[in-house]
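One chain is shown next in structure tokens, namely the form predicted on its own.
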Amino acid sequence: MTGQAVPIAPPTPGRWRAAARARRSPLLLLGGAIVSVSLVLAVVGPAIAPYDPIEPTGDVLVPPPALGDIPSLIAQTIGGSLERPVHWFGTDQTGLDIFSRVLAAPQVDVLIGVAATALALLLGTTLGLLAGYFRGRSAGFIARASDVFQSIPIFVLAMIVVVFTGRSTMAIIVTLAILYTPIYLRLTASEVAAQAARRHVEASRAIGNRELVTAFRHVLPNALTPALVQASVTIGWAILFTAGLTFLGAGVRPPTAEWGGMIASGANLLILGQWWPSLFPGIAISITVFGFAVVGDRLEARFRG
């Protein structure tokens, strides 16, 4: 060791710009934090829950601790002096711990939202490329079929499809993906039509590349930005849609931990003054959808700016 100081490379201009944009947009930071937490819970939520999300604890309709008791309970929890975990959000009418179920629910809601959006993005961008680049009869048929599909009430159609295909997670993912595909089809088709007339596309044709190669290699990568920006918003919609389907009894089967089902099961208790079974999952889904919507809105503002 010579004791000489090791020089630290200065931040690149790209890093400076990214940091500056983050400081100028606290909403983006907040939304990014919410999205990150929801994605982490989708992976490890059930593992870190203090109780089993689908096994009754034996404590029926226990209210959450009073605000004045929370600091001492937190201190006891950290110190390990509690005999059993606290029901931070109370329990429902079957004895299930609501806090554990709120933590576990992203494994269903967020998973469905991300998977359905990814599938819709794949289908929509592919069909949008065909409709926007190849201006033939088949492309016109794709565009008209998309218009007809979007004219049908989406929620009613989703309920019918899910009921007939089975109330499984995969059925809900495929149903939502099909319902959201026209959004990405339209976004991609309009952007592809603008990209197709550019010089690098003409150069690709001039050197002898086939039209399909030119479309996928030179047009599609430059036309994906609007669809990728829309993805964050669509994930939030899909999460809310999943909760709505389950709330109406056409979504995920109980006793699976799912925010919409939790709200539905506790709705009848509100009139009795037992508000916690519905309130906490409602807050959780509101915060999650808000986070994805904010990220999508900030990305859209950045793209248009």
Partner chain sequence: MRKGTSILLTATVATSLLAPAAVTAQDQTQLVILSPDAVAALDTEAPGTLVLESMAALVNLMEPLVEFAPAGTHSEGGVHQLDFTSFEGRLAESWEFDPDTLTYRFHLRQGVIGCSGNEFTADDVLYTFARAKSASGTLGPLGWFMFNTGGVAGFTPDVLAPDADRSLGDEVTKVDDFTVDIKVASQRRLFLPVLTDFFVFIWDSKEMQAHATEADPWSHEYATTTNAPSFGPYCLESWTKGSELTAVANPSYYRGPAAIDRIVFRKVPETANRIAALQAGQAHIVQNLTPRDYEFLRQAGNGVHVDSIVGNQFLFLGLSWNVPPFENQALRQAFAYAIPYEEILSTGYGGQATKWEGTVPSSYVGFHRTDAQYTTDLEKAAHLLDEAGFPGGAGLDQYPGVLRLAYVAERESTLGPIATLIQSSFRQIGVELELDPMPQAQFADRVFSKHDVGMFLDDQDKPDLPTAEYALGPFMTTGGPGNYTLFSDPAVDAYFPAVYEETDPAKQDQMLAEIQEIIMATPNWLPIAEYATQWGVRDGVSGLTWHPDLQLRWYDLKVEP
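Bear in mind the structure is a predicted one, so any value in this text is a computation, not a measurement. Numbering follows the first chain given and starts at 1.
Not pictured, yet referred to below: the form predicted together with the partner chain.
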Given that the partner chain is left out here, which of Ile54, Val44, Leu29, Ile70 has a heavy atom within 4.5 Å of it in the predicted bound form? Ile54
Contacting member of Val60, Ile48, Ala33, Val40, with respect to the partner chain in the predicted bound form [4.5 Å, heavy atom]: Val60
Considering the partner chain in the predicted bound form, find the one stretch among 219-227, 200-208, 90-98, 105-113 with heavy atoms no farther than 4.5 Å from it. 90-98
Non-hydrogen atom contact Arg144 with the partner chain in the predicted bound form at 4.5 angstroms: no
Partner contacts for 223-257, taking the partner chain in the predicted bound form and a 4.5 Å heavy atom cut-off: Arg253, Pro254, Pro255
